[in-house]
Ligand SMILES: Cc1cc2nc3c(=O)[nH]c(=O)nc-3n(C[C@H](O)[C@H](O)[C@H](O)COP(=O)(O)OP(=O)(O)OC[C@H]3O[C@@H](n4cnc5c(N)ncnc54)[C@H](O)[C@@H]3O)c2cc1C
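One chain comes next, on its own, written out as structure tokens in the form predicted on its own.
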């Protein structure tokens, strides 16, 4: 379907002889010595396809002329306006930009924890980073790739019919991104890992590292950041409540973990991106009049909090609905 340049094939080992390497039942642990890096790398692969799609889409939107802006002609010397003037095109481009830049910040944050876990000389710092890596790796792999596919589809849509044919390259990015949600552990498995092993398995201890860091940031922020801090506070409070409820429900019904895991990971991802965007807004605030880069950062941060972060509400409702509706049909009724 995608990544046609990859030297991928089927290997058949029927009748082959296998030899165990090292001690029995230690293989999975050995594999995980590299898995955190691999999963972050796949997340970045999904992010990168989304970024490439955005770069093409924004260039196209600035040049392709079609119709006039709702407020009247903008390019009066041309037969029509560039499509970047239209609200729906701007919605798609800003969604791409917000998810890409939030994803770059989040992947850098996770990579920083990996480096800290590996190189810090302080045992307590190293242990905290190791636990944050364990918590955040499934989020990085799954959320970055889910958002990567959404972004490449938006990019294809900006091109309209041109996006569906090979000439412009957008259809390839959609296909190439799709594998990132599947290999190195499907995103459904990442969600189960996050909820079952990392959140519930640690009794919420790993999760508290991240939540406490966000709370420390919001508590120390001054009033100039209120437009970003207040919705971030609400988002982390929502995640806190949902985590506590899930920990409690899972004690009575193991199905609750699998029923909630995908939506839980999505809420976690959007909340983590909100933290990243609040940090970026803090860095940009006060510099927007000096440099378009900072003005762009602030504008995109405002778009993220206004139009993307509210997605957590419907996802939270799905988590709170529990597992019962998943088991109303017998297998034959599907």
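Positions refer to the first chain, counted from 1. Since the structure is predicted, the reported quantities are computational estimates derived from the model, not experimental observations.
Form predicted in complex with the named molecule: not shown, discussed below.
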Residue 204, heavy atom within 4.5 angstroms of the named molecule in the predicted complex: no
Can residue 184 be called a contact residue for the named molecule in the predicted complex at 4.5 Å between heavy atoms? yes
Close approach of residue 111 to the named molecule in the predicted complex, 4.5 Å, heavy atom: no
In the predicted complex, residue 192 touching the named molecule (heavy atom, 4.5 Å): yes
3, 8 and 179 - do all three of these have some heavy atom no more than 4.5 Å from the named molecule in the predicted complex? yes
Only one of 184 to 192, 214 to 222, 248 to 256, 97 to 105 gets a heavy atom within 4.5 Å of the named molecule in the predicted complex; which is it? 184 to 192
